[in-house]
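Look below for two forms of one protein chain, each set out as structure tokens: first structure 1, then structure 2.
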Structure 1
């Protein structure tokens, strides 16, 4: 075993939580039955030492180690920041693209662009193609310690990327566009730590509530209150807010998004403030909403009345458009409630 693969293996074994180590290695299935029996999984430190020895003994190469890493990352994708991209302008045959074809083409396109690059592609059970890229340049061998991961669902225009530097972005974009039979790719302005969440948000795979003409009838059982009229009116408002909140953000478990950022370059309007309203330049500010589950928090803001209904398009655009980065400008004399969301 050469030095880099040993270093990668050591780092990887340290990254895998002790509880998961056994199952991950089992899945990998590269150890012999005899070796398997000797490893003491109750002792994290010694099991790592034993593993290192066995891997050297079996003469594993980088290929084997990256395989283990991919398996671990596929099972535990929520470790870094994922950025969504969208392929646009498909060619006629983009829908009939096969995995083998895509695999071959992506590799060859990328290798044409960069000399020293190591690409590994694996199909996951849920139809997603996982791509691992270790980057090098003309003078250095691929650095396996800082790989880029790309997840692409064939037959959909969405691509999710983590660990990609701005320098490598055009290379990946070009290889993806060419091999998936599209004409272009753009940032989808959506990012988050939870891969499944941003995927679900973009592909609308969460429980949605659609507006109905006849909202569910009010239950009128508890009439023993002091003033039923007022009570009923309040309940009506509350029901309405809940319905609005669910229609906007969905129902049940909402995709776990961490933040949403708005760059506002709109005019300051306030009837009481003549000076600012007459000012030509926009009022520049950046607003960031953050929570462990942003959609859940915003939904509660709406249903509790902290945010007024109807929900502003700025907030409802997060689930509606599957984006969490917006640049907002005034386009012409638009009324305040219909602020256009411009592309950036």
Structure 2
């Protein structure tokens, strides 16, 4: 086993939590029965030393080590920041694309663009195609310590990427467009550390509630009454808030989106500060909402009355458009006191 393989294996073994190491290696299945029996999983440092020795003894190559890493990343995807993209303008036969065709074409197109690149593609049990790319250039071998991971469901236009630099993005975009039989790709303005959450939000894979004039099913689920007199007095307002919260953000288990960012590029308006108000250039700032589960938090604010109803488009656009990055600009030459805001 060469030095790059040893460095990658050592780093990977340190990343895997001690409690998960045995299960991960079992799933990998590359060690012999005799080697397996001698590993002491109660001592993390000892097990790492033993693993390094066994892998060298078995003459494992980079192919075997990246297989282990890919297996771990697929089972534990929430270790980095994921960015969503959307393929647009499909060709007529894009829906009939098979995995074998996609794999061959993606590798072929990317290798034509980059001389030294290592590509590994694996289909997961949920039908997602996982792609691992280690980048090199004309003068260096692929760097397996800083790979790019891509997740793509072949029958959808959605792509999720982590570990991709601005320099590499055009290369991946071109390879994806050509191999998926689309004509272009664009950023979906959605990102987060929870891959499942941003996938479910973008692909609408969560329980949604649609507008209705008959909210009785919702009222039946919310019949806990602590004070009947107060409940009767406020029943109408409460029912309306609950219905609007569910219609806007969904019901049941919501995708665990962790943040939403609003970039403001608007005129500054404050009668007490004429210096800033009279500036011709727009006032720029960034507002970020963050929570362990942002959609659930916003839904609670609406249903409890903390946030007003109807829900502002700035918040309702998160689940409606499947985005968590917005640019807010002035819209048209209306008077400053009445000038509306638009979302791009």
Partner chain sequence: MGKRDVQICFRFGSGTPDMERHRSSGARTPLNSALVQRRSRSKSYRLSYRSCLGAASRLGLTPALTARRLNTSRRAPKSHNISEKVSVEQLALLLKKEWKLSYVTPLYRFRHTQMRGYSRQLSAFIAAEKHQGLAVDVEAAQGSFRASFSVIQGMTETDDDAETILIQIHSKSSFPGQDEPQRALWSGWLTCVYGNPEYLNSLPKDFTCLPLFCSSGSEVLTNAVKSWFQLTFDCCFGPLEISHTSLQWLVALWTNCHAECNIQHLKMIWSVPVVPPLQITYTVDGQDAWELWNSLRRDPQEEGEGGKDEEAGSNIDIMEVERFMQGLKGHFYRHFRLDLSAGSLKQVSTALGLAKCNGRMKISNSKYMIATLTLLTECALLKMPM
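Predicted, not measured: the structure shown is a model, and the values here were computed from it. Numbering follows the first chain given and starts at 1. Here, rigid core means the biggest group of C-alpha atoms that superpose within 1.5 Å across both forms.
These are two forms of one chain. I'd like to know which is the form predicted on its own.
Of the two forms shown, it is structure 2 that corresponds to the form predicted on its own, while structure 1 does not.
So, does residue 30 move by 2 Å or more at the CA between structures 1 and 2, with the core held fixed?
Residue 30: C-alpha displaced by less than 2 Å between structures 1 and 2.
Does residue 284 count as moved between structures 1 and 2, where moved means a C-alpha shift of 2 angstroms or more after fitting the rigid core?
Yes; residue 284 is a residue whose C-alpha shifts (by 2 Å or more) between structures 1 and 2 when the cores are overlaid.
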